[in-house]
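Form predicted alone, single chain, as structure tokens, below.
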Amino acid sequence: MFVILVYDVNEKRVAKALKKCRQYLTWVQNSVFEGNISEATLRRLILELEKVLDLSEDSVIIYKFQNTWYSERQIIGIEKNPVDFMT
């Protein structure tokens, strides 16, 4: 499946969250990641993030897509990491 992961993490923990997400997904821009990932690997990423995050203060949003056939990415301004998974 294809996922987009967005996080809002306290700056004390942001480096650890960034490192963990980069192990599994492609960094797109500040606090945003995307990529193809299996359900089992996504569960592993979530478990690892839960160890790093303070769930009373931080948040992660994960958008899941079974495919990207009907999706399109539009970028306004500078593209910080020009990798296109959406094609």
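Only a predicted model underlies this, so the values are computations on that prediction, with no experimental measurement involved. Numbering starts at 1 and runs along the sequence shown.
The protein also exists as the form predicted in complex with a further copy of the same chain; that form is not presented, and the subsequent description refers to it.
Using a 4.5 angstroms threshold between heavy atoms, residue 72 counts as touching a further copy of the same chain in the predicted bound form. Using a 4.5 Å cutoff between non-hydrogen atoms, residue 62 counts as a contact of a further copy of the same chain in the predicted bound form.
Heavy atoms of residue 52 never reach within 4.5 Å of a further copy of the same chain in the predicted bound form, leaving it off the interface.
In sequence order, 28, 29 are the residues of 15-29 having a heavy atom within 4.5 Å of a further copy of the same chain in the predicted bound form; the partner itself is omitted from this view.
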